[in-house]
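The chain below stands alone and is given in structure tokens; this is the form predicted on its own.
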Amino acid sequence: MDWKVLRPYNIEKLKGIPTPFYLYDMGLLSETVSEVVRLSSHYGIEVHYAVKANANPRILQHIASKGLGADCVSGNEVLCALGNGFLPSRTAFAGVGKTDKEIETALVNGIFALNCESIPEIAVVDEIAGKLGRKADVLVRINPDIDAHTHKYITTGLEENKFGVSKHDFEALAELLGRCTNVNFKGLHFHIGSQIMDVEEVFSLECRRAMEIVRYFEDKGLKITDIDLGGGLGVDYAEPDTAPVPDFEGWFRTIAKGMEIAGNPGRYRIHVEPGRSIVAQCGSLVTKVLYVKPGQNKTFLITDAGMNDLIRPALYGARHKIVNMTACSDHEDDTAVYDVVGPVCESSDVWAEGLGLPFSKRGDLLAILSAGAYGQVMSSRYNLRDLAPAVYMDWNGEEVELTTEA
């Protein structure tokens, strides 16, 4: 979302909306989804949007309307996806701790597959499916022991992570799948982490490892039709305007080439599960400067948005680019250095330290960019603060049309 293209009268429209709020550029979302759909068709790779990244209904409805599937990690996400237009036949359900109720929800709604993450879970799914008189379509999530070169909190494919079945359990897994009478084993599921920027190196390795494991289970007599390689494509948080649509071409091409080199003869359906890369850049958290507080060695900009609205900086130490939207039209030539902080009673409620911005004053609007993923969906009412609503921006020539969520 390039704020420099906004005309002053559009900034004035934004000033009239109570802050903080999430602002979604629906034009950029549409452009991003269209690119994913084009590449999915070109490379023959099926795409399931990771609902956990952003479950805003209007965003879900747009993605579903373009024919993408859904990747869910809770029973409520399954119901939310189906309720917003995703087809059951293209909806998958993963997660390390599925409850009996969630498993029943998935089975009753006839989704594409349960991505089972452990041997005990498969046994439970087999039992519940039997009680319901159904066959459970299942992919088994494998822990491939791959370093995704990302933050330790969002890597999921190392052997000591809680996710998936590790190699020391492969023999027991094959034996169990051979005994289950209510499980229709379809294939294997992998996901090695999030915000991966070393695309060619990491995903090529994932493809090779995936095919090695596929061959192991096929040698055990198990038939595999589907291979899910998960998500993880990263986005540029430092300079989001340089690549507002991430490099899906490089990601899809790497997977297609990697699977071919690894020995995939084309008889498997290949699936991926992007989330962040689809929605991160279309969303910004808009906040107002409440106070400019001078200190002895630094100056604080205190905003009305805090870690309860966007927890990534406090949780991961993540940093988002911040722009002063008001300064784009009022006073962009004068600059100063600020620590930008939120109002929450926690020392970790910090947006940026030592940040150079145009001279800022009380009442200015700041935009915290690349907040469309793991932003609104992870917000809370900590300190009993109000939840930030969504505002949708649609371009109409030089002017924008703004719609606030109901």
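Residue indices: 1-based, along the sequence shown. Note that the structure is predicted; figures quoted are calculated from it, not measured.
As for the form predicted in complex with a small molecule, it is not shown, yet the points below apply to it.
Of the candidate stretches 371-379, 29-37, 60-68, 346-354, only 371-379 has residues with heavy atoms within 4.5 Å of the small molecule in the predicted complex. Shown here without its partner, the chain carries S194, R276 and R312, all of which come within 4.5 Å of the small molecule in the predicted complex through at least one heavy atom. Put simply, of G306, G164, G231, P246 only one has a heavy atom within 4.5 Å of the small molecule in the predicted complex, and it is G231. H271 falls outside the set of residues with a heavy atom inside 4.5 Å of the small molecule in the predicted complex. Although the partner is absent here, A50 is a contact residue: one of its heavy atoms lies within 4.5 angstroms of the small molecule in the predicted complex. Residue contact with the small molecule in the predicted complex: R141 places a heavy atom within 4.5 Å of it. Taking non-hydrogen atoms only, F300 never approaches the small molecule to within 4.5 angstroms in the predicted complex.
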